[in-house]
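Here we start with a single chain on its own, the form predicted on its own, put down as structure tokens.
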């Protein structure tokens, strides 16, 4: 494949971040958009310089000049849309989370394999430059053998033009029974993906406490897991602080990642926001010296641009792009294992999760 001719399915709140990397790629042509809201789709097409707009997915998939699709529709539609796309012979990049349940995700992956097309789940965090730098440092042995991962997410308030410009209708389905759960499902899949991507180890056991917060937030949450290697553990905390202002160009949230090793540790000091006046990556080495990587691109949107460019590059090179369907299913299992561990107050093996798990108070609102 010399060039990638792409169709974009869904032009909602997050689409601009995902599409930017495709528009900037010198070997990718975004040839069509699809969304049932024709006027909104036409406005985006004009903004992005895209010639065609469809309101029906089948019409876009019937176009012979489209090689691949980026599916940015709500999660509860992913199964239907991915199955249609692979049946039409299109390569597929699908927004996270992969599906509403493990069994739906397995059906999607099996269909892509049977059709002989490339399938991946778009995960911005595994292409976020500070986290890529951290992973490189781990691989280079900069901290010796990793022994502990600690991740923190805090959600507060912000006044960014990005968040103020969000269409509230794009969030309604996240608050009702069209989603199996709330914030830990919709957003924390990014962090679950990082937890599995940083190390070549499977998670074998999860313990957690998940509390009900306001709206769809499930906070405070504390989760702890064991990897396949006995001397490697992971932990995650999620908090909601509506009275705390968070400096951000995007959502009112930020994340921190700390990887401890036998010879040092790595600290990624930001992700979605920019709370701390610190370099994005800090390394404390075995000799007691601190190295700061202030020149690493810490713009959260760079992870989206990198994910899109990676999909194009992989299709051209004929290689499997990250995140694979298998990896995305493991992410879902880890997500649902956190809920199951909290619900049952016992350790849960993610491999035992075959469908979906919700917290006992879900859904807070009805879709009817």
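Positions refer to the first chain, counted from 1. Nothing here was measured: the structure is a model prediction, and the numbers come from that model.
One more form of this protein should be noted, the form predicted in complex with a small molecule, which is absent from this view; the next part is about it.
*Asks:* Give a yes/no on whether residue 13 approaches the small molecule to within 4.5 Å in the predicted bound form, heavy atoms considered.
*Replies:* Yes, contact at 4.5 Å.
*Asks:* In the predicted bound form, is there a heavy atom of the small molecule that lies within 4.5 Å of any heavy atom of residue 226, even though the partner is absent here?
*Replies:* It does not: once the small molecule is placed as it appears in the predicted bound form, residue 226 has no heavy atom within 4.5 Å of it.
*Asks:* Under a 4.5 Å heavy atom criterion, is residue 256 part of the interface with the small molecule in the predicted bound form?
*Replies:* Contact with the small molecule, no.
*Asks:* Hey, in the predicted bound form, does residue 182 get a heavy atom within 4.5 angstroms of the small molecule?
*Replies:* Judged by the heavy-atom cut-off of 4.5 Å, residue 182 is well away from the small molecule in the predicted bound form.
*Asks:* Just one stretch in 22-30, 313-321, 300-308, 334-342 has heavy atoms within 4.5 Å of the small molecule in the predicted bound form, so which one is it?
*Replies:* Contact criterion met by 300-308 only.
*Asks:* Should the three residues 137, 154 and 270 be counted as contacting the small molecule in the predicted bound form, with contact defined as a heavy atom within 4.5 Å for each?
*Replies:* Per the other structure, none of 137, 154 and 270 touch the small molecule.
*Asks:* Have a look at 265, 199, 175, 251 for me and say which one sits with a heavy atom within 4.5 Å of the small molecule in the predicted bound form.
*Replies:* Looking at the other structure, the residue within range turns out to be 251.
*Asks:* Tell me, which of 95, 101, 207, 158 has a heavy atom within 4.5 angstroms of the small molecule in the predicted bound form?
*Replies:* The option sitting close enough to the partner is 95.
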